[in-house]
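This document starts with one chain, in the form predicted alone, laid out as structure tokens.
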Amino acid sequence: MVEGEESVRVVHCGGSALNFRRAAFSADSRYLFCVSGDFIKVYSTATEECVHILQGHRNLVTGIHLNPNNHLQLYSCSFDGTIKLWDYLDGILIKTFIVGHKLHTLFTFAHAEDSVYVITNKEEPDVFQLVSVKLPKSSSQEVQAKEVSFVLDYINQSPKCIAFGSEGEYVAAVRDFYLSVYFFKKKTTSKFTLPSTKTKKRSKNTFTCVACHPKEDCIASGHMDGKIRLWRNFDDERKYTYTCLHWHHDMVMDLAFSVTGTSLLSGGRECVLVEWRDATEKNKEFLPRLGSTIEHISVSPAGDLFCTSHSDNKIMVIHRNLETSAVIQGLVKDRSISTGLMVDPRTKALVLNGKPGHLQFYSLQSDKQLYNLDIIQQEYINDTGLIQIELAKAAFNCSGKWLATVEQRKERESELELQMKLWNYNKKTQGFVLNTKIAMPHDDHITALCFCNAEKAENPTLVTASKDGRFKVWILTDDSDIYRKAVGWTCDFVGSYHKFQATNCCFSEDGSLLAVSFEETVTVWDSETWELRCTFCQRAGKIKHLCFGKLTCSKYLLGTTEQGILCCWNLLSCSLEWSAKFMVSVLEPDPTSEHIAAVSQSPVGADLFVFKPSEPRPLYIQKSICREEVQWGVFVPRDVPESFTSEAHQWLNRSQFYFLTKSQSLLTFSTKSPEEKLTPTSKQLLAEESLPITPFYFILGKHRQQQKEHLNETLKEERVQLPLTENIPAINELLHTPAHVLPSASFLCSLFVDSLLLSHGTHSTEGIPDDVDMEEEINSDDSDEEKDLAEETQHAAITDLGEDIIHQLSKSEERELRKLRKVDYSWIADL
């Protein structure tokens, strides 16, 4: 039972950007580290699964880097002003260094002993500097790191614009049209400038990224015009030279040298990874059609893997021979989420706009994308001036069998391309198949669409509302004949109200009523006869949201207006029940209860109100759930209901509320989870016990589990009773002490082995009484006939010269043999 007094807090539930910073590889290339909001995710490069989530920072994580002195540890920095050291294999936070300044990125290399390099703000907001932070040695968990040394000034905050040279002899920084190189030994800075005006070839010389050769004194820089410049002799401002490589038609997003320095990798908006071998124009290889703009490129320390981060929140792991081996897809950040947040009734996945022209199905449990559904089915052309076809609306029916989508393209005021598609779920292919395509279902933009989700409905019904002043009812019809089976959608009814624009539509829970809002007026229609039953008018602006109550509150209809009025109408009395004045940006009913969530915008941030339509008093209020504007929200039914006793928290029992902000961060409400109370060892055991049961488990795993249980039962009698390990200090010290503070293995080896040895007195205390009882039983029950039989058996075994090995019976076999000896076989003589 969860106590009602526990506080509900806002947590990031996933969907954070994986492409915010460069990803990093482990030394053996088995793991991939990437920044994800306030967390650091550790992925397996072989299975693409997230094996650990490093939690501890209180703000956005801005940089990660392997510890050069220990390849099993990872450094990270954040906007919270701390640098943390992690043991990424166990997911343990080792140490926290408190710097105090806002940290934008992090760099480390082996020659800088006990120091890291970070980018911080100066007093001016847009001026950044590179500084060295001394990490003091201390046994405490949190250490103050206040010893900061200035290195470079007037630099770009992006880590792509900073690169350290071979063996850390120099650091290169680019910004605008300037390249600065700082030499650590000489403590001098060389600056190089490119022309800031456009040349005759209309090129743009602005620096976008920089990379340093790992073996030679060579600096590669990318530019806005798509050129790559290789700088040499930069230790002298007069004798420096550079050569140009040009393939990209747009800006170079990132550069990276291979470990040996024989290849240079580049990427940009062409969605192509280019490998320049030997840094020559002619010798280059391509990996095309990567799907979206390449924003970051990383190389593993072993040199066998590359990694590219893309603008659609995707990470691709690429082999040295330019073959893709793994794809880690996060929540795709679209330019605008016009479809809103939906829940697939079949998979319980979150559905919203994904790649251009696609719907993405995103698993909230595993925080990964399940698949993309191509709606528009046209090749996307990356051109800023081109008007694309957009996926505007989408809706599921209650069973998830039907999906309706609306796509539109408007180049001019008089030229509107509108198309509605109905998709049917195919069980054989386990996907949606296009069933009906309707061109220009309305004469103007479609503002809303919804299915009749009544469980008793015989035929599925769809309603669309449009700015042309009409709403249309679409039903599924059977056009099958003797030659073919055909099922399609046709228009059954068209309704309007005084030529006002239709803005919203929704069905009641039982499907008997349809509510359609026409600007400031709400109309209620009978879904059987399509007759107008009643109207509600609220002179407070156009209706923004419209929804019916659920369960015991199904007699209420709620709506919000543009002027900040929330109205609740009683459908039985056809009157206004109550109203409240506050600006609502999200109004979402819970499909499993009577609760309704309303998010209101304020100058400080967004506030949450949870209420029942039957009572104007809110059941739960939480101020400032986030500083950004909340655009969408949705209730997702829980697989296992919670059991909150407090009335204020009962709205979290059956469903969980998720909301999406303007920056497309996905957040939710939660109490303190049990996972936070577990130790790292318990988390690992819990993860092993909660592994999903796959079809292979039913083929092999279950059979092996039964074999193992049978073997344990047969050998249960033969086990030797060992001393309990919890009473041995050496084993306790080895198992419960963190790995980073343990002494060397050679020191612990002798103590550990000695603790496992058994003393002369350590015998099975339960085995001796059993043997004594067994012997007493044998002495009391054995007869003369049994002794004669034993002697004959022994004599036969000794005189048998054909056998080289005498079989020795086990204890269980001896026990069975004694039972046979006690059986009376005298009845055989009477035969």
Partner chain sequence: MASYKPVAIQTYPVLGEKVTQDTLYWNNYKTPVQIKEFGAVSKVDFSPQPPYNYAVTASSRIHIYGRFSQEPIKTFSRFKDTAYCATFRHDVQLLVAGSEDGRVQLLDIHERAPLRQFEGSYDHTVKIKNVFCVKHGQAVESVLLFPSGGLLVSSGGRYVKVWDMLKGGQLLVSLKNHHKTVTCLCLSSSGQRLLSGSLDRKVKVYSTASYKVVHSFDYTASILSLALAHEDETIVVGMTNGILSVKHRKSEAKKDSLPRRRRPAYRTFIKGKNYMKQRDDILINRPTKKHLEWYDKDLKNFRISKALDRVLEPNCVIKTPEVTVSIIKELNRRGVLANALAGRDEKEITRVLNFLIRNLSQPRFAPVLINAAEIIIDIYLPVIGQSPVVDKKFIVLQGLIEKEIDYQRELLETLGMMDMLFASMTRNESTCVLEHTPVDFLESKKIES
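The model shown is predicted, which means the values in this text are computed figures rather than measured ones. Between two forms, the rigid core is the largest collection of C-alphas that superpose within 1.5 Å. Residue numbers count along the first chain shown, from 1.
The same protein has a further form, the form predicted together with the partner chain, not shown here; the description that follows concerns it.
K.L.:
Of these, 215-223, 285-293, 100-108, 545-553, which stretch puts a heavy atom within 4.5 angstroms of the partner chain in the predicted complex?
P.N.:
Looking at the other structure, the answer is 285-293.
K.L.:
What is the one choice in Lys185, Arg617, Arg539, Lys499 with a heavy atom within 4.5 Å of the partner chain in the predicted complex?
P.N.:
None of the other options qualify; the answer is Lys499.
K.L.:
Note which of Phe207, Trp474, Phe192, Trp402 lies within 4.5 Å of the partner chain in the predicted complex, where distance is taken over heavy atoms; exactly one does.
P.N.:
Partner contact (heavy atom, 4.5 Å) among the options: Trp474.
K.L.:
Counting only non-hydrogen atoms and a 4.5 angstroms cut-off, does Arg484 reach the partner chain in the predicted complex?
P.N.:
Arg484 belongs to the contact set for the partner chain.
K.L.:
Classify Tyr658 as contacting or not contacting the partner chain in the predicted complex by the rule of any non-hydrogen atom within 4.5 angstroms, answering yes or no.
P.N.:
Tyr658 lies outside the contact set for the partner chain.
K.L.:
Residue-level contact is defined here as any heavy atom of the residue lying within 4.5 Å of the partner chain in the predicted complex; does Arg470 satisfy this criterion?
P.N.:
Output for Arg470 is yes: heavy atoms within 4.5 Å of the partner chain.
K.L.:
Is there a heavy atom of Arg409 no more than 4.5 Å from a heavy atom of the partner chain in the predicted complex?
P.N.:
Yes.
K.L.:
So which residues in 520-543, when you check the partner chain in the predicted complex, have a heavy atom no farther than 4.5 Å from it?
P.N.:
Trp525, Leu532, in sequence order.
K.L.:
Aligning on the rigid core, do we see the C-alpha of Glu237 shift 2 angstroms or more between this form and the one not shown?
P.N.:
Glu237 C-alpha, core-superposed: shift of less than 2 Å.
K.L.:
After superposing the rigid core, is the C-alpha displacement of Gln430 2 Å or more between this form and the one not shown?
P.N.:
Gln430: C-alpha displaced by less than 2 Å between this form and the one not shown.
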